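First, one chain by itself: the form predicted alone, in C-alpha cells.
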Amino acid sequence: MTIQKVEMLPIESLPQIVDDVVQSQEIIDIHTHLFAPAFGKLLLWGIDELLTYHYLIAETFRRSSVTYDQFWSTPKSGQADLIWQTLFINNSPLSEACRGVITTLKMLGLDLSSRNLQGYRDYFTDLSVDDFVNQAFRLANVKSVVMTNDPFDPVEREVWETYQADDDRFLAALRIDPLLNDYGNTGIETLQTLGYDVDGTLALSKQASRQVRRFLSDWIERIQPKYMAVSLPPTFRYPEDSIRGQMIQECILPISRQYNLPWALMIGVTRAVNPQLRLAGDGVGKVDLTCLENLLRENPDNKFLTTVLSRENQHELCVLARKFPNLMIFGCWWFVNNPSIIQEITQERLELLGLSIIPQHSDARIMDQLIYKWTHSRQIISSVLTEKYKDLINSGWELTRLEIERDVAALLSENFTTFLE
C-alpha cells in the first residue's frame, strides 16, 4: 500500500491557519438555557437582560452600597442602570462577565465610546426577536443549540402543548432535577398534578417507579431530547440508600438504556449559599467522583455526558474518561468558565484524552450571550490547539490543513452527534 506524502504546514503560518479553521467551524452548542422564539417570554434577550445576568448581579453587590431589598424591589431597567453605572462607568469592566457585555456590544456594531446605555436599549427596541435570534446565531457561527427543557415548569409545559419544534436550530434536553433533588415536594406534586399515580411517600414503591418511568417516556416521546440532564450537589453519592439513589437505579438508568439516551450529569453546585442573592447566590464544592466511577463501571451500556464545577475535580474527571468510553466530558461550566481556567482545562483534556472531548458549551441563559461566549471560547480553543500542533510539528509530525479542519469539526460539532448514535 502506498501512503501519499503530505505537505507539512510551515510552523510560522500555523496560528493563522488554526484560527481561520476554528473561526469558520459551525458549532453545535450542547448545553444552554436558551429557548426558541415560540417559547415567548422564556427566551431572554436584550441589553437589560444581559446586564442583569446573575454573574453581574453578584459582582455589583461587591462594588455598590445598594441593599438586597433595594435592588430586588427595583424594576429590571433600574437594576440594569445600577449595574451599568457601578461596573462599567465607576469601574473598569475587567471581569469576564463584564467583558462579555463589551464584546457583545462591539460585535453588534454599537458605539462603545458613547457608553450610552439608553442608546443601546434603543438598538434592541428596533429589532424583532426573530431578527435578533438570526443575528446572534450568525455572529456566533452556531448551527444549533440544545435547550434546557423542564417539564416541571408549568409555564414551559404549556408551550409544549402546542410547540411544533419546527426550528431545527433549537434542540431539546430533558431536565429532571426535581426527580432527583426535590422528589418529596416538586417531584411528587407535579407528577400527581399531571395524572401519574404516585403516592406521597419518600419510599419509591414499584407503582411509583413505573409511573416515573412512564412520565419520562412520555416526555421523551413528546420533546425528542438529545439527552436527559441534572445538576447535582457536591454531596452526591452513588450508590446511595436514598430516594435519589433508588430513582437513579430504578428509573433514570433503565430509561436511558431503553432510549439510548445519554444522561448528562453536571456535578458540584451548592444551592443558595447566600439566599439573598437569589439565582446569583449559588456556590461550588468539590465532589467525590467515586459516584461517577461507580455509575460508569456498573452501567457500561449507558452513556454519560459529564461536567464538573470545581477546578479541583477536573484532572480526576479526565482520568475517569480515559478508563470509561461511555463517558464524554464537556465544557467549562459556570465558575470555571473563565479564560485562564478554560485554557488550563482545555490543555489538560487534550493532553490526557486527545480529541475525544467536547471542549466547550456556552451555558448561555440570554440570547446575547451566545455571541460573546463563543467569541471568547474560540479564541482560547484556537490558542490551545495552535500550541499543541506546534508541539506535534516540532516532534516531527507532518500536518495538513485538512487534518486540522477534521479535528476542529470533531471538537466543536461531530463528537457530540457521534456520541448520540
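Numbers follow the displayed sequence, beginning with 1. Everything numeric in this text was worked out from a predicted model, so none of it was measured.
Just so it is clear, the following notes concern the form predicted together with a small molecule, a form of the same protein that is not shown.
Of the candidates 196, 238, 152, 333, 333 is the one whose heavy atoms come within 4.5 Å of the small molecule in the predicted complex; the others do not. Residue in contact with the small molecule in the predicted complex (any heavy atom within 4.5 Å), chosen from 104, 346, 256, 231: 231.
Partner contacts here mean any heavy atom within 4.5 Å of the small molecule in the predicted complex, and among 54 to 62, 376 to 384, 38 to 46, 391 to 399 they occur only in 54 to 62. Taking non-hydrogen atoms only, residue 226 never approaches the small molecule to within 4.5 angstroms in the predicted complex.
Although the partner is absent from this view, residue 271 contacts the small molecule in the predicted complex, with a non-hydrogen atom inside 4.5 angstroms. Within 4.5 Å of any heavy atom of the small molecule in the predicted complex lies no heavy atom of residue 110. Taking the partner from elsewhere, residue 220 is found to have every heavy atom lying beyond 4.5 Å of the small molecule in the predicted complex.
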